[in-house]
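As structure tokens, the next two blocks hold two forms of the same chain, structure 1 and structure 2.
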Structure 1
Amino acid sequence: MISVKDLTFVYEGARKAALSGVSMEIRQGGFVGVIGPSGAGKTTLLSCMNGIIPHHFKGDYYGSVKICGKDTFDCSLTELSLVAGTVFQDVDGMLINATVEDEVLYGLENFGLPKAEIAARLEEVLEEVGIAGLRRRSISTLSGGQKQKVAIAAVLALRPQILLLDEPTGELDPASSRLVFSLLKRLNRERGITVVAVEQKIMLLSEFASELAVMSEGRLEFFGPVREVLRHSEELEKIGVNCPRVVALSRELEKRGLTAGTLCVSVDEAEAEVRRVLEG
């Protein structure tokens, strides 16, 4: 689905590579969380996946990125947007229309779909994302979480196979953040949409993502199932990634011989493990 091979990129005028020798394979229907300290190359990696690099940002580009078998270097941004939809960090900059309905219609009309198809997709995506009741609301009156849902709906209306998101909960409170990730997980599970989300809130990624990609100084340090990556908690801390407290709790219980190495990655799992220890 997404194949990254030996990817290196140096922004024009920069002395240091933003990405250096990154290779990864993301399967169809995967849910990958990308995390790492500031300046690790997370957004640059996402920009290579959606084609903004090298088509918009110039520099020295080596290696390859293929989306559904198509090399992003050879495809136009328009072609790629129909396969991989992107929700950017600055959601207010993405939303350019006055109302929710107009925002979702914008992309559909630009691609010249028949009127009947446009109407059907509009109804479908508003219901699917859970914002049918906001259809005629002004964008300016929406909360941060609602705006994120509108941005996701506008991308989903084009029926991409992949969703790429750059810090979708960066300015949201914890409750709104969970709502956004619950929506992404449902789309991933029910529609088989591949999700790649750059996110700083590792607890959200631990609960909702299937795999974690950990970036540091332009390199891919770890990539694999969430539980396996979080077992490297000491190395992650050195990189600058703070693991969830439930992971620290699991490691402490293991050190004291109270568990057989069970690594908890959610609050519910941690509660169940502590109850088991206390009852034992």
Structure 2
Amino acid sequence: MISVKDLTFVYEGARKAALSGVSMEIRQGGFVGVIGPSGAGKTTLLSCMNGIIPHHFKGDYYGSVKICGKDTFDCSLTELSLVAGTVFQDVDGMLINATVEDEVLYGLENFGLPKAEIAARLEEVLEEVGIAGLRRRSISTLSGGQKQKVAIAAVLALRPQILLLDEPTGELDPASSRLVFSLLKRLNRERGITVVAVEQKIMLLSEFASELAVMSEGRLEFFGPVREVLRHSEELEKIGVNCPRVVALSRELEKRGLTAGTLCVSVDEAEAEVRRVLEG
């Protein structure tokens, strides 16, 4: 679905490469969480997937990115946007309409869908993201988290085959963050939508993503199933990526000789493991 080969990118005028030698294969229906310190190249990687690089940002570009078998170099941004929808990190820059409803409708109308379909999707997505009550509100009067929800809804409404999200839950409360990730997981499972989400909340990624990509200084340091990657918790910490606290707990229990090193990545798993230890 998304194939990145030996990708190196240096922004025009920059001294350092923002991406160096990144290769990854994301299959259709994959759910990849991307994490790494700021400046690691996460946003740059997404920009290469949605075509903003090389079409909008110039620089030295080596390697290739293929979306559904087609090189992004050979596709226009419009073509790419039909396949891959992006929720950008800077939400304020993304929202361009006056009201919540207009913002969601804007994309749908540009897609040239029938009127009835547009109306149905609008209803559905506002409900799913939990902002039906804000429908006629002016965007400039929303709280930070409410704006972020509008940006997510506007992209979900288009139902792209690929969803690229750049720190979509930064300003969301814990319940809304989980709601968004549950929704992504459902779209991923039921409709086979491929999801690539950059996120600092490792707990959300370890629970919802199938694979984890860890970036540091432009390189892809780890890429694989969530559990495998979290096994490297000490190396991750060196890079500056923390682990969920239940992973730290697993390590602590092992250190104290209570377990044989079972790695728990969710509270459910940790509960089962602790009960085993207690029943001893």
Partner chain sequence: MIRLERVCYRYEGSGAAVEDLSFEINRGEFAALLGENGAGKSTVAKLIDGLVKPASGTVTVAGLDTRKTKTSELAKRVGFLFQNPDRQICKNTVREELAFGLELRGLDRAAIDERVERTLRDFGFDGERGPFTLSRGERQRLALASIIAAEPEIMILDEPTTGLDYRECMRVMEAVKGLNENGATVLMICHDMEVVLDFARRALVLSKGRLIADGAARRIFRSACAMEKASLSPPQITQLSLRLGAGFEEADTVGELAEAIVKRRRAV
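Since this is a predicted model, take the numbers as computed values, not measurements. What we label the rigid core is the largest C-alpha set whose atoms superpose within 1.5 Å from one form to the other. Reference numbering: structure 1, starting with residue 1.
In this pair, structure 2 matches the form predicted in complex with its partner chain, whereas the other structure does not.
Of the listed residues 159, 128, 57, 192, the one positioned at a hinge between rigid parts between structure 1 and structure 2 is 159; the rest lie more than 12 positions from any hinge. Note on conformational change between structure 1 and structure 2: the chain splits into two rigid parts whose relative rotation, smaller against larger from C-alpha fits, is 16 degrees. Once the two forms are overlaid on the core, residue 145 shows a Cα shift of 5.7 Å between structure 1 and structure 2.
On a core-based overlay, residue 95 has a Cα shift of 3.0 Å between structure 1 and structure 2.
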